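There is one chain below, alone, in structure tokens, taken in the form predicted on its own.
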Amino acid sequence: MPSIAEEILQVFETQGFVTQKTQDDITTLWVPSSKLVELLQFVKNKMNRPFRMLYNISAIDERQRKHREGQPASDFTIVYHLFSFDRNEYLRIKVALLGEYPTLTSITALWENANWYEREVYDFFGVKFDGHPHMTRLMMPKSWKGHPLRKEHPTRATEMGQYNLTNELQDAELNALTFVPEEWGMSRTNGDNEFMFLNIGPQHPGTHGVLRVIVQLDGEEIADSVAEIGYHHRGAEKMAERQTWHSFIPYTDRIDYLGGVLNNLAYLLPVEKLAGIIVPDRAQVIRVMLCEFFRISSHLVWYGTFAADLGQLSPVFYTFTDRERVLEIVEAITGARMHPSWFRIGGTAMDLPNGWEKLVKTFIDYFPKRLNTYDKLIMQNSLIKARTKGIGIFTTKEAIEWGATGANLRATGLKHDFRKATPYSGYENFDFEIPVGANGDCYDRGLVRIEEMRQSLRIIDQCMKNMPSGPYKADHPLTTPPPKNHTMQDIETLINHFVGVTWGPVMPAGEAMIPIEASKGNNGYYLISDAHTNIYRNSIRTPSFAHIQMLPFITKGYSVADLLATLGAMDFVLADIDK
């Protein structure tokens, strides 16, 4: 069969199209800006086994990059990542832009979820998209000066001068938060009746953190809404540019702060691909076991808070108690709990401690009965069913259009899990099922996550019973310092040790992305190395960002109470949205 690039080039003239070889082997094609929309229409709607999901849109400031062999000249590059469920493959489309503040045609008419991704690129890089319905900042305050991910923008707060919040500035900032319906294409009246505009958040228990949802109400029915994000934005992608490849690992824990080492894995897989590092079998299985423990831990937080969102307060105390049992195992193995930052380039920080099998087996024997108890307490409760069945419905086609992944996608009936579809870290060696729903509503999203915990237990049990022997870290110069006895014998080895520890490894020039099935959906780090100790570009695609963008779409026509049920069923984390 012809390659993806060959299929595309058979239809389009090759003039202006450039293929690029990357370490992750994702088909990467440079396209002239004049052909972009036509090409994307083709790969989404006309191509055999099409790429129906817009996975991410990101940008690269190329002006300080040195290693760009074979790539078209550009000041800024816009990168489109697409995914085909029929092929189980990603496609990377790049557009080269020249100039200080370039523009490009918007694709919001082609993909619904392009809206936020294009606004994010504009916010961080200053690249405008012609035809976008609301080309304004997404993460940063309206008053922010500059675009943070441009290379000339300061990386540290100490480079920006002292910040003084005067009374005048405070008034201006508060006024900037005033919601103006007309700016979002909303009217204030519906014939003879006035719409009510209700603020939910940014401080509201139902939003699980600093998320603001402005709801347009026609009586008790939601006519429209706007989700306002960015209150939790900490500049993770910008901070990556001043971190070494190794020292950025702890920052990943703070993205989905309930996902723990799952964040480490999403970051380390492309790092290891860039360096050509082969992770030993024992390290692979240890990683899988810890990831599944954190999947259970994250789902337990969701389970209890989901019930609390619906008015059932007792379950959160039970689920958090069981989460403590998980975190005790994590702490015994890694030395930390929520944010262990325990994975390393090439493996793990250390081997499993003595007695780990007993801890794991005790939990495997204990937890299934607790899940059965929760089924009776929560999911079989008639009030829970009344609040969630038939609420917040979306179809498989709509989920793909908006970029939904994980349990939110599988609840629509699509049996797709990236651990099986595009295996990584040895998941192809494990026996587990993919839970699916049928209705795509809040209730089914809950059922899928609950069954996922049972499947995670199956995987953990297999890890425990089939843990390989051998090293827990790759024997590679970019991952492991030279043996101590060698450093005391010759100066070159000592220098190598010193440079590796103080400066960190120098990753070969290139780019890679290996997304994973995180606890909340598909999570991917698109990493670019310029053959330096620092990361040149780190674009993070988080599942919660995509899920919250679709909130206005799936809550229209429902009540405010249904909105809170829908938020709870989506299972999002604010830091996972805002980065």
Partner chain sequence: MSETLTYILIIVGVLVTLLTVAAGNIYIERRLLSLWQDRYGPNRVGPFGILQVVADIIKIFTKEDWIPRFADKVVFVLAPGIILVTILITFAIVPFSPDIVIADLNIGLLFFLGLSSLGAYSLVLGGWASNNKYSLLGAMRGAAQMLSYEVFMGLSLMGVVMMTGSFSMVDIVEKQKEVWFVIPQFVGFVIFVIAGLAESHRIPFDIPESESELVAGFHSEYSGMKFGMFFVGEYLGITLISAIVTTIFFGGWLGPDFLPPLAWFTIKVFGFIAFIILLRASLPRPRYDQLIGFGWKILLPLSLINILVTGAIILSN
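Quantities reported herein were computed from a predicted structural model and do not represent experimental measurements. Positions refer to the first chain, counted from 1.
The following text describes the form predicted in complex with its partner chain, which does not appear among the structures shown.
- Listed residues 73, 491, 313, 176 were compared with its partner chain in the predicted bound form; 313 is the one with a heavy atom within 4.5 Å.
- 386 is the sole member of 386, 98, 109, 169 with a non-hydrogen atom within 4.5 Å of its partner chain in the predicted bound form.
- The candidate spot formed by 275, 430 and 471 is out of contact with its partner chain in the predicted bound form: none of the three has a heavy atom within 4.5 Å.
- Residues with any non-hydrogen atom within 4.5 angstroms of its partner chain in the predicted bound form fall in just one of 436-444, 142-150, 214-222, 337-345: 214-222.
- Taking the partner from the other structure, its partner chain in the predicted bound form has no heavy atom within 4.5 Å of any heavy atom of residue 22.
- Its partner chain is not drawn, but in the predicted bound form it has a heavy atom within 4.5 Å of residue 308.
- Put simply, residue 205 is close to its partner chain in the predicted bound form: some heavy atom of it is within 4.5 Å.
- Using a 4.5 angstroms threshold between heavy atoms, residue 197 counts as touching its partner chain in the predicted bound form.
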